[in-house]
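Below sits a lone chain in structure tokens, taken as the form predicted alone.
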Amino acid sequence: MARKGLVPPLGKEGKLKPLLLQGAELKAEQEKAKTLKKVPMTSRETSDLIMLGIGAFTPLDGFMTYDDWKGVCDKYLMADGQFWPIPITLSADKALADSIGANEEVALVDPSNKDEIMGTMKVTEKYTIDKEHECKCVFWTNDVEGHPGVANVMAQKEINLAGPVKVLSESFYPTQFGEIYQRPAEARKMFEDKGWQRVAALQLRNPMHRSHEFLAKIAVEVSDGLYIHQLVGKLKPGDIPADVRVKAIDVLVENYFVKDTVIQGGYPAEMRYAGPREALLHATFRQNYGCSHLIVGRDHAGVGDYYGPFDAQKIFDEIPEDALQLRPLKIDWTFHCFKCGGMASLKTCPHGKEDRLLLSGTMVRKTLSEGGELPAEFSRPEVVKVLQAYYGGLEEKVEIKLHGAATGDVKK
């Protein structure tokens, strides 16, 4: 029997669990927070707290305990048996951690934004972790020099703090990104208002080139609508900022998609570049947003050559069958084939590498950052114009290195 309505949020209750306070409750907690011991957060921890606040990390109620951390690393399972693919943790230096008593409430602050109090937490547990074990499980590598996600974990403070949180702020996201910034409840309402039930999400941290467009249109063909859901949190140097991506995607959707088949949205998480594990995280919170499917193409959420081009697809076959109701849309390596006369994939094109133009966001960034021209088959002219204006205005250039997934020098 076909499901009616959107997929339910993750968890036994099947309801969103936003932890962001409002009204009188928010004001009272803000006043109390001023009297509490302050715990500074990294940008990743801050963005995770906001994801908890808006309900994107339903059914989590705070930062993970040791048993949660260990279970998620080793088996994708929290202590209560709930599926979760990546640890959501908070760290503090030893001196600060030692000063916090059992079940003491603390204020969580963002040092990058004038120590804004972002939330409060009741500290129920303090523990140490094997950082290398987390990196090996989550990132499949311990390369602290080359992998930005590994570097972030290894730079964490000595002690992890666990406990339920109350979230007091969404930082600059609502004002800076306006309607693009969406909470899960808002996205669900938009889908319901359009009568959508089968919704495919396209994860983005780059502007859309022709390969992204091809994937997106495949998804539109087999669903009620497409949710172009891009990250507006912190990226690594050389990645294109969110406001530029929004402009580039706007001109693409306006000129090349059927009206009312696409919604563009943004979420406040920070990239971990965890490849397959991050694909599972993207699927997990997309289910909370109301999406029934996630497009998983080549090298999803990857960096460098740490993952095979389709490892992020294979990992969905390794988790428990009932872990997620959202399903991956697994799409093969796509490219422009000159003999076929258009976009194709390894499943549909019989021709050789010499006939193909491989497309990647890394190649787009490298070419345009160096003042080069992109072939018409690579990106729509309206998109290129937006990106050229951005790169032309940069005072400081960042060197962008190509890797196997960008050049095609990898085996399937």
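One rule holds for the numbers: they count along the sequence shown, beginning at 1. Just so we're on the same page, rigid core means the largest C-alpha set that superposes within 1.5 Å between forms. If you're wondering where the values come from, they're calculated on a predicted model, not measured in any experiment.
Below: the form predicted together with another copy of the chain, not depicted.
Participant: Could you spot which one of Ser345, Thr42, Gln30, Thr65 gets a heavy atom to within 4.5 Å of another copy of the chain in the model of the complex?
Facilitator: For this set of options, the contacting one is Ser345.
Participant: Given that another copy of the chain is left out here, which of Lys126, Arg327, Arg205, Lys157 has a heavy atom within 4.5 Å of it in the model of the complex?
Facilitator: Of Lys126, Arg327, Arg205, Lys157, the residue with a heavy atom within 4.5 Å of another copy of the chain in the model of the complex is Arg327.
Participant: Is Glu321 close enough to another copy of the chain in the model of the complex to count, meaning some heavy atom within 4.5 Å?
Facilitator: Glu321: yes, in contact with another copy of the chain in the model of the complex.
Participant: Can you check whether Arg380 is within 4.5 Å of another copy of the chain in the model of the complex, heavy atom basis?
Facilitator: Arg380: contacts another copy of the chain in the model of the complex.
Participant: Val220: heavy atom within 4.5 Å of another copy of the chain in the model of the complex?
Facilitator: Because a heavy atom of Val220 falls inside 4.5 Å of another copy of the chain in the model of the complex, the answer is yes.
Participant: Flag Cys349 as yes or no: does it have a non-hydrogen atom within 4.5 angstroms of any non-hydrogen atom of another copy of the chain in the model of the complex?
Facilitator: Looking in the model of the complex, residue contacts with another copy of the chain include Cys349, since a heavy atom lies within 4.5 Å.
Participant: Among 107-115, 237-245, 93-101, 337-345, which stretch has residues with heavy atoms no more than 4.5 Å from another copy of the chain in the model of the complex?
Facilitator: Selected range: 337-345.
Participant: Judged by heavy atom distances of 4.5 Å or less, which residues of 244-261 approach another copy of the chain in the model of the complex?
Facilitator: Residues within 4.5 Å: Asn255, Tyr256, Phe257, Val258, Thr261.
Participant: With both forms fitted on the core, check whether the Cα of Ala28 differs by 2 Å or more between the shown form and the other one.
Facilitator: After core superposition, the C-alpha of Ala28 moves less than 2 Å between the shown form and the other one.
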